[in-house]
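The chain below stands alone and is given in structure tokens; this is the form predicted on its own.
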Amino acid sequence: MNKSDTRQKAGLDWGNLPFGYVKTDYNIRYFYKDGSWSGGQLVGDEMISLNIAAPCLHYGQECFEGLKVFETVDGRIVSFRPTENARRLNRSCERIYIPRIPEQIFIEALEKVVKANAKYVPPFGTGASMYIRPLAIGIGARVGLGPADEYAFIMFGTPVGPYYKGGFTPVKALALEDFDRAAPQGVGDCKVGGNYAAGLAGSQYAKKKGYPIVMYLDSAEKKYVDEFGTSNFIGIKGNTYVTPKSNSILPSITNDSLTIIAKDMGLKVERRQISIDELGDFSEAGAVGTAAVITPVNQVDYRGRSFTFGNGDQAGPVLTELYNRLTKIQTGEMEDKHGWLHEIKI
């Protein structure tokens, strides 16, 4: 008997879930005070109470992560490379003076919150998953600028459908010069809320012009591709997988995984600066991240020019193969030879 056959499932329309928030039964919370983290407490309340002087509200002392949990073809519940998310969260924490969250606490929180909400993990084959959102915030009251003396680490999960309604379907992007996502030597390589708030104006500007996503250029010279609003850029040039090298880009765990798969496929991998003018040399291009895995990009508009990729309204063959391999590893349909899946025993 498949393991999933004996599990209770929430009565949701799994095949038509949006990428949005659905309340589940529990979230888990840890608190830092006097130099140490407390034990985790599962909480049914989806609201949090904060002091009006909490530094997370005034000075942006907060960071977060995003990862997914899947039901596999053989009924296991697995998360994808959660230790990498724990490590990236700690890099963000260190940058904004939040105490490190031990990896064992991160994994414990993940396992407990998934077990407590197991009925919300979408069934295999629905195209849906459980999105996990860990966040760390400064909560100790402080009016003057400085780090808090108390913190909260919270993790919740919610079932989600595809990030884009069209799924693995090409979109067009607008390259922006009048907006910056992050500054050189700033916090662009950290997953902090301010980066995303800073990107709202550019994103809304592009959407009003009919572009689902935006491409940011480097803030210093406005000459090199940095990343899309919420995703890393990847391009295929001959037999080479190319992605930008920049200290203002968030290190994508999805991108890292795809570079490994690309090497498995016999592709060369280059991480380097990419001039905006070089886009004309790429046969395929995509935006990669946890939410959508790969969003093929069939057109980037820049200064009245249009760079086109793929096969019009269809993704190119290399991105298609990369997408299929990664998603099948996540759902257990392809061998996990790199040990990326972390099983959560329900």
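A residue's number is simply how far along the shown sequence it sits, counting from 1. Values in this document were obtained by computation on a predicted structure and should not be read as measured data.
Another form exists, predicted in complex with pyridoxal-5'-phosphate; not displayed. Remarks below refer to it.
**Q** Which among 103-111, 149-157, 221-229, 166-174 is in contact with pyridoxal-5'-phosphate in the predicted complex, heavy atoms within 4.5 angstroms?
**A** This holds for exactly one stretch, 221-229.
**Q** Just to confirm, with a 4.5 Å cut-off on non-hydrogen atoms, which of 300, 288, 315, 69 contacts pyridoxal-5'-phosphate in the predicted complex?
**A** Here the answer is residue option 288.
**Q** Given that pyridoxal-5'-phosphate is left out here, which of 118, 217, 135, 250 has a heavy atom within 4.5 Å of it in the predicted complex?
**A** When pyridoxal-5'-phosphate is considered in the predicted complex, the option within 4.5 Å is 250.
**Q** Just to confirm, residue 191 within 4.5 Å of pyridoxal-5'-phosphate in the predicted complex by heavy atoms?
**A** Yes.
**Q** Taking heavy atoms only, is residue 97 within 4.5 angstroms of pyridoxal-5'-phosphate in the predicted complex?
**A** The answer is no: residue 97 has no heavy atom within 4.5 Å of pyridoxal-5'-phosphate.
**Q** Can residue 205 be called a contact residue for pyridoxal-5'-phosphate in the predicted complex at 4.5 Å between heavy atoms?
**A** Contact with pyridoxal-5'-phosphate, no.
**Q** Could you confirm whether residue 90 comes within 4.5 Å of pyridoxal-5'-phosphate in the predicted complex, counting heavy atoms only?
**A** Residue-level check for residue 90: no, no contact with pyridoxal-5'-phosphate.
**Q** Mind listing which residues of 194-211 have a heavy atom within 4.5 Å of pyridoxal-5'-phosphate in the predicted complex?
**A** Contacting residue: only 196.
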